[in-house]
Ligand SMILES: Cc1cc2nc3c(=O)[nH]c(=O)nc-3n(C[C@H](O)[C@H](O)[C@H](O)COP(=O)(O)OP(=O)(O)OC[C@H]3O[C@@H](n4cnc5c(N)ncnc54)[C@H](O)[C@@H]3O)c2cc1C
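First, one chain by itself: the form predicted on its own, in structure tokens.
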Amino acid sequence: MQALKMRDLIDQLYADASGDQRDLLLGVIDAIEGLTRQFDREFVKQCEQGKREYSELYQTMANLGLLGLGVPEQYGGTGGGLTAAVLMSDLLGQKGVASLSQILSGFSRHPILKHGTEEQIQTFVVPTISGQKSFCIMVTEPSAGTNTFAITTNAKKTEDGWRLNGQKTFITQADKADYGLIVTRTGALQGGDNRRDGISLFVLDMNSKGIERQKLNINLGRSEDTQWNVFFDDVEMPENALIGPEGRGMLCMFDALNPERFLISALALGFSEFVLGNTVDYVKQRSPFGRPTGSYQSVQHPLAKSRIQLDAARLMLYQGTKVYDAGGEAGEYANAAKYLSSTFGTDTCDAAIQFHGGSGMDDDTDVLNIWKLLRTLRIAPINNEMVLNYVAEHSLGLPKSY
């Protein structure tokens, strides 16, 4: 989506917002336009070839204040709420330079900002604004899967803090992150309405002794988005590692889930725009039978369908973040935006592969790599079947199905 159209979108959706908020969001568009003239998709390819480092991009983002989007100004952040952080991820995706690793700190900070102490915010959140520190998020376990209430990784109280044992899996950037936002059991497994009890939220220093990492053979298109099994063997955590009340970690964690789904949606939509734009350019020029393939209805209609679907998903996304930033209930928006963006994004990539023909399977065309990421987002961080379960229960009032 062109920058001009993004500006129109912000102007329309935030016409009733304060001038400062609208101006900040429009400023984000200008900043990303400038940033991506210096760091474009070619930069990403050079990083993958070992010729450049992603840290160049992140340091420049920090210098521009972009890593502080979504963090209140009182802590040295840039402000703008979740909408500003989502807008940044969307725009970076549209230029082909976004990544999963890029957004991890963004949604990991929310539970700490809402439930952490002043000391914890200063220790764990503030250094992420300058890029000095980063997060991974550790929830999933092999035996529990989507059912976080069934986790068995546990932290037991000690004289000096906590002792952590167990395992997490499918952890992005577990090798590079400074901190891990980890959900673990501190009490016995409960049933029924009490199943949330006994689960606590911690910030784990990823350099602690007793942590072992095992890389998974999963390639999501960027070397920095590596996936890991992480094992904990009597890992010591200090008292101030606990975020919020002991045993109420799921309630604290829920404050990260909506931001996570919104940011994932922005990532998916941004990359979908990148793929759609490149494909439209390609079919305008490709003329094996003397006329552009883009003149055929069999090519036009799937691409036109993608245009409509991505526009609809984006409206859902930004209306949802507007509600979230205003303190409203945004769960249905977050789940719907995640479902739409990952589904429509995968469909857009599939059409792009088809219309590129054999070139669509070539890594240099970029489409297949992005398809792998967007297809993954239909599974993670929550699978789309669970999203439909949520909508069935909370939007339609149907009985809980699981």
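Residue numbers here begin at 1 and follow the sequence given. Given the structure is predicted, the values throughout are model-derived calculations rather than measurements.
Separately, the form predicted in complex with this ligand exists; it is not shown, and the next lines address it.
K.L.:
Verify the contact flag for Thr169: yes if a non-hydrogen atom of it lies within 4.5 Å of a non-hydrogen atom of this ligand in the predicted complex, no if not.
P.N.:
Contact check for Thr169: yes, within 4.5 Å of this ligand in the predicted complex.
K.L.:
Residue-level question: is Asn154 within 4.5 Å of this ligand in the predicted complex, judged on heavy atoms?
P.N.:
It does not: once this ligand is placed as it appears in the predicted complex, Asn154 has no heavy atom within 4.5 Å of it.
K.L.:
I'd like to know whether Thr146 contacts this ligand in the predicted complex, with contact meaning heavy atoms within 4.5 angstroms.
P.N.:
Thr146: yes, in contact with this ligand in the predicted complex.
K.L.:
Using a 4.5 Å heavy atom cut-off, state whether Val391 contacts this ligand in the predicted complex.
P.N.:
Flag for Val391 set to no.
K.L.:
Would you point out which of 314-322, 235-243, 275-283, 219-227 contains residues with a non-hydrogen atom within 4.5 Å of this ligand in the predicted complex?
P.N.:
Correct option: 219-227.
K.L.:
Counting any non-hydrogen atom inside 4.5 Å, which residue from Leu201, Ile137, Ala98, Ala85 sits next to this ligand in the predicted complex?
P.N.:
Among Leu201, Ile137, Ala98, Ala85, a heavy atom within 4.5 Å of this ligand in the predicted complex occurs only for Ile137.
K.L.:
Need the contact residues for 354-376: heavy atom within 4.5 Å of this ligand in the predicted complex, sequence order, or none if there are none.
P.N.:
Result: Thr376 alone.
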